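One chain comes next, on its own, written as structure tokens: the form predicted alone.
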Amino acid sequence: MRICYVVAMVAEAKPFIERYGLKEVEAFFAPLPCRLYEGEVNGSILDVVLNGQQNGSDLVGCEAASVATLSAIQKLSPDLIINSGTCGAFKGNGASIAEVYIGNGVMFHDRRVPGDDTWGTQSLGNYAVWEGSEEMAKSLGYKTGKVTTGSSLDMQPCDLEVIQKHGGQLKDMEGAAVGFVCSLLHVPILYVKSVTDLCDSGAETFEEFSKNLHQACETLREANERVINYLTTF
């Protein structure tokens, strides 16, 4: 089995890469900025693909995630893509900082395209997730939630309206873009997310995100170890 993680930020991936002693394959995606780390776990190949950096900062957002996912699928032919990273959530839904969720759905919350049902359906996305997501979450004791994706860290009132209308629980900047590419190439996708900020807490988003990033990345590492063990001994 070949499992490929697509991750936006070094901080999100580094604890996991170090835990498994994954080695970087230099310039594998050149001239693209994406970076590949590779190793073997329980007889399965484990790849971690980072979006990369530009101008000294991690490439976050939908465009970078789409490029990384497409490149990873075309060059690695994985059996499963895992989009792992941090996210916002809602304390009104019972979420707490550094809590881990398994995604049970994914959509965009900021693609506002007027028109008939067909245009609206395409804009929202609502891509399928790996069919074993719910069972795995139950087995590992994690909550499930619908991931909604937008291109900005903040959330406008119109974004919140879409999130609430469609049952969104987790807010990120990459998930649906990764799901979109996987839907085109028919590769199953699993979402593993850890909460850095509570969208309805009243706190400034970037400050809360920065304050909680390290803690969320540690619980994300622990969750990914359990996920990998589940998948490779399943």
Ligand code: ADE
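Residues carry their position along the shown sequence, with the first being 1. Remember, it's a predicted structure, so these values are computed and weren't measured experimentally.
The same protein has a further form, the form predicted in complex with adenine (ADE), not shown here; the description that follows concerns it.
- Remark: of stretches 27-35, 51-59, 205-213, 178-186, the one touching adenine (ADE) in the predicted bound form is 205-213 (heavy atom within 4.5 Å).
- In terms of contact with adenine (ADE) in the predicted bound form, the residue from I102, V129, I81, C87 that brings a heavy atom within 4.5 Å is C87.
- Between adenine (ADE) and the residues V67, V192, M173, V41, the one pair within 4.5 Å by heavy atoms in the predicted bound form involves M173.
- Within this chain, Q169 is remote from the site of adenine (ADE) in the predicted bound form, having no heavy atom within 4.5 Å.
- Using a 4.5 angstroms limit between non-hydrogen atoms, C158 is distant from adenine (ADE) in the predicted bound form.
- Shown alone here, T121 lies farther than 4.5 Å from adenine (ADE) in the predicted bound form, counting heavy atoms only.
- Within 4.5 Å of some heavy atom of adenine (ADE) in the predicted bound form lies at least one heavy atom of L153.
- In the predicted bound form, the residues of 188-218 lying within 4.5 Å of adenine (ADE) by at least one heavy atom are, in order, T196, D197, C199, T205, F209.
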